[in-house]
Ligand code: SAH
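In C-alpha cells, one chain follows: the form predicted on its own.
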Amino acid sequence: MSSFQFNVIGTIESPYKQKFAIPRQPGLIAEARGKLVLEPPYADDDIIRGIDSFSHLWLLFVFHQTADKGWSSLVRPPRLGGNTRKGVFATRATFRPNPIGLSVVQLDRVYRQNGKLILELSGIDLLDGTPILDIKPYLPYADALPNALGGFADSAPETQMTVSFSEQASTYCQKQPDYPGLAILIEKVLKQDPRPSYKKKRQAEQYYGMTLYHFNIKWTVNGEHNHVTEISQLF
C-alpha cells in the first residue's frame, strides 16, 4: 500500500503536560484553554484569511507520545470500564494504524507574537506539544448531525464525583491572576475522574498528582470525593 509523509504546520501549547487527566473528548471542559502556534512557512496571514468568521475548528493531529507504541486491532475503551474489547476503528483510542487524531475546538482569537501566528483555543483535549497536521473550519450544517448514533458513547460521560479544596489549595488559586479559572479547571478535570478504570472500584483512600500549566496539583480520592490537598509551582 502507498505511504505518505506530512508536514507539521504548528504545535499546541496546552495546560495538559501529561496524558493523565486529559478529558477523553474535546469540549467537555470549556476552561481548558490553549494555543496553536503556527511557525514559518505557515505563519502567513494569507493562510488563515477568513478563519475568524468561524467559531470552531477541526484540528488533525498526531498522537506523538504514543506513536512509537504501535497499534492494536482491539482496544479496551475506558468508557466501558476497560473490560470490554472493541475494534480500534470503532473507538477513538490512540493505538491506531496511523497515530492520527481529530479534535474540534473553539477559536477564541487570532494574533501575532514574536513572528509567530497564534490561534487561541478553548475546550481542548490535547497534550502540550501536540503536532498539528491540518486545520479545517467546523460547519454546523454538515458536522452537527442531530440524528446520528453514538454507539457505546451515545452521551457525554458523567460521574458523581465531588471536589473540595484545602485552605492552602484554595488560597493558592486565588493568588494566580494570570490563571483566573484555575480552580474551576481543576474541579472539572477531577469531576471527569481521570483515574484508570481498574482503580475506580477501590474503596481505600488513594493519592494522586498531576501537572496543569506549570502547577503541581496533589489530591486524594475517597469513594466519590476528590480533595485537593496542595498546589505548588513546578518552576
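Numbering starts at 1 and runs along the sequence shown. Note that the coordinates shown come from a computational prediction; the quantities given were computed from them, not determined experimentally.
Same protein, other form: the form predicted in complex with ligand SAH, not shown, and the subject of what follows.
Checking 120 to 128, 69 to 77, 154 to 162, 140 to 148 against ligand SAH in the predicted complex, the stretch whose residues place heavy atoms within 4.5 Å of it is 120 to 128. Annotation: in the predicted complex, residues G10, P40 and Q113 none come within 4.5 Å of ligand SAH through any heavy atom. The single contact residue among Q65, Q192, Q176, S166, judged by any heavy atom lying within 4.5 Å of ligand SAH in the predicted complex, is Q65. When ligand SAH is considered in the predicted complex, F61 lines it closely, a heavy atom lying within 4.5 Å. When ligand SAH is considered in the predicted complex, H214 lies well away from it, no heavy atom lying within 4.5 Å. Residue contact with ligand SAH in the predicted complex: T94 places a heavy atom within 4.5 Å of it. When ligand SAH is considered in the predicted complex, V221 lies well away from it, no heavy atom lying within 4.5 Å.
Shown here without ligand SAH, the chain has K19, I22, P23, R24, Q25, P26 in 1 to 26 lying with a heavy atom within 4.5 Å of that partner in the predicted complex.
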